[in-house]
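Form predicted on its own, single chain, as structure tokens, below.
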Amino acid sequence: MELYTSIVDQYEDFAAYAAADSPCFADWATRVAADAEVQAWIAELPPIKQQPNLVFAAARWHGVAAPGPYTALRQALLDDDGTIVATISRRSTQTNEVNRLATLAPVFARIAAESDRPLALLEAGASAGVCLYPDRYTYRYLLGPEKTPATWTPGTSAGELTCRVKGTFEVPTGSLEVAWRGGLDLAPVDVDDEDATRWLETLVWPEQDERRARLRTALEVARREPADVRAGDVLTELPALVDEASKHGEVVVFHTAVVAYLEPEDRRRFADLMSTLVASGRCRWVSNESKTVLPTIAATGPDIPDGHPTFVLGLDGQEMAWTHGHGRAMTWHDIP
């Protein structure tokens, strides 16, 4: 999903992104992109607050049924007495889909094998920190056109995460040792805060009951083994935390669907910061963002067809795979 573009472009892009996963959101976004009155309502919001999932979640928070008709959403927005706007202003989109670990964990395993050290995982934009536990799940990969199943359990397992895989991909084996888990977020989510976690559930797309169930499991994992997630700005406070984490193991800074929320110039600043940290040997960098967010990484792999919604998984600035935004599938490239 691309932010900081026109409202029409944002909602058309979101409709394409949601088409395979949420007929309701795909319909709502398509209709917003053709509805001048609703666009004018959204235009009164700050640019970062105009994003579809935030607007839709706030409407749902205040009683708009989803799945449900666009007319109900439209009426709720246009008749809003300020209640929905207040929620949009106060809240943010902070879901971190734990199934993305199915795409991230093989890269973590490669880093661990190369360093022969336990990992110190540092998530930029960690939200509730649910993606800091790659060693707490079983991964079920469906390989090739035949969808041949193969599993990997790198530690204790709280549940199974499934991912379809195309390309030449070797399923990892063995354990994955994580010595430290932490992160930075402008507003970390307290996993013991019922209101905050209920909002996270509201952000999950309406038809996706399995995602909601996974989120609840992931929150339980995080409650049992709290990570060191701190309030802070990744653009200014990340290097100091990298150095702190290095006392525990091989530092891996990673992020998924986070850099998209930075303005374009700050995206470039972040990429430059990470490239500098990697070049100096202070950490490894695992990125997983929509295809246009970090174009220098996307440019290192095969050309992405126009109209093909995908995330790009990278290691140290080099593309490794195209991934589904919620971790359900990936096409492995692994360019040498």
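Source: prediction; values computed, not measured. All residue numbers refer to positions in the sequence shown, first residue = 1.
As for the form predicted in complex with a small molecule, it is not shown, yet the points below apply to it.
- Residue heavy atoms within 4.5 Å of the small molecule in the predicted bound form occur in exactly one stretch of 256-264, 142-150, 219-227, 108-116, and that stretch is 256-264.
- Think of it this way: in the predicted bound form, the small molecule has a heavy atom of just one of 182, 239, 206, 232 within 4.5 Å, and the residue is 232.
- Proximity to the small molecule in the predicted bound form, taken as a non-hydrogen atom within 4.5 angstroms, holds for one residue of 162, 94, 202, 87, which is 94.
- Under a 4.5 angstroms non-hydrogen atom cutoff, the small molecule in the predicted bound form has residue 126 among its neighbouring residues.
- At a distance threshold of 4.5 angstroms between non-hydrogen atoms, residue 122 is out of contact with the small molecule in the predicted bound form.
- Although the partner is absent from this view, residue 100 contacts the small molecule in the predicted bound form, with a non-hydrogen atom inside 4.5 angstroms.
- In the predicted bound form, the small molecule stays beyond 4.5 Å of every heavy atom belonging to residue 72.
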